[in-house]
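Here are two versions of the same chain, shown separately as structure tokens and labelled structure 1 and structure 2.
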Structure 1
């Protein structure tokens, strides 16, 4: 069992956030000893899932719904699965957009390294888009697709 302070450090979360999650019912059945919260493995796993869902863009009210489904039992498995499938799709789309962004940044870093080396952009204009080095062309193509 862990104290709220220990869990705060483990998850790099403010104690106030953990208290808020508890108040919102995200730790159903959490033990208390003399009124002090005691976090067990079940609460630690709940926090891992909460962090995952929050990073995927889900709001607390929706995370609360998920936790309610967990308490309800097996009849909510399809709802829980659908929630995770939806979040997975959202994150995959965000990753695609981030990859495009990263490729544009890589391309522009290469572009300006080359322009600085050459002292101008003249040679670059002749290279774009078909005569770029193969790795740079991949960045360019993905950033512009």
Structure 2
């Protein structure tokens, strides 16, 4: 069993955030000893899941919904599974878009390398795809078609 201060250090989260999560219902049924929160293994596992679900873009109120389902019992297994399936789809799409974003950033890094070398953008202004190094042309092709 851990105090809020210990958990704050373990997860590198401000105490105020942990209290806020608790207030929002993300630790249903958390124990207290004379008013003081006691974080057990259930709460630590909850925090691990919260971290991932948040990173996947899920809102607090929907994480709360999930936690409520966990309390409700086996009848909510299908709801919980659907939530994770949906998140999986969302994150897979996000990965594809982030990859495209990375292509753009690589292109721009190359672009400014070239601009710095040339001292101007004259040559770059007249670019055609064939001029581009292959590791950098993804985004250019994509954005200008």
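From a predicted model like this one, the values you see are computed outputs, not experimental measurements. Positions refer to the first chain, counted from 1. Note that the rigid core is defined as the largest set of C-alphas that superpose within 1.5 Å between two forms.
- Of the two copies shown, the first one, structure 1, is the form predicted on its own.
- Core-superposed comparison between structures 1 and 2: the CA of residue 123 exceeds or equals a 2 Å shift.
- The Cα position of residue 13 differs by less than 2 Å between structures 1 and 2 after fitting on the rigid core.
- Look at residue 138: with the core superposed, its C-alpha moves 8.8 Å between structures 1 and 2.
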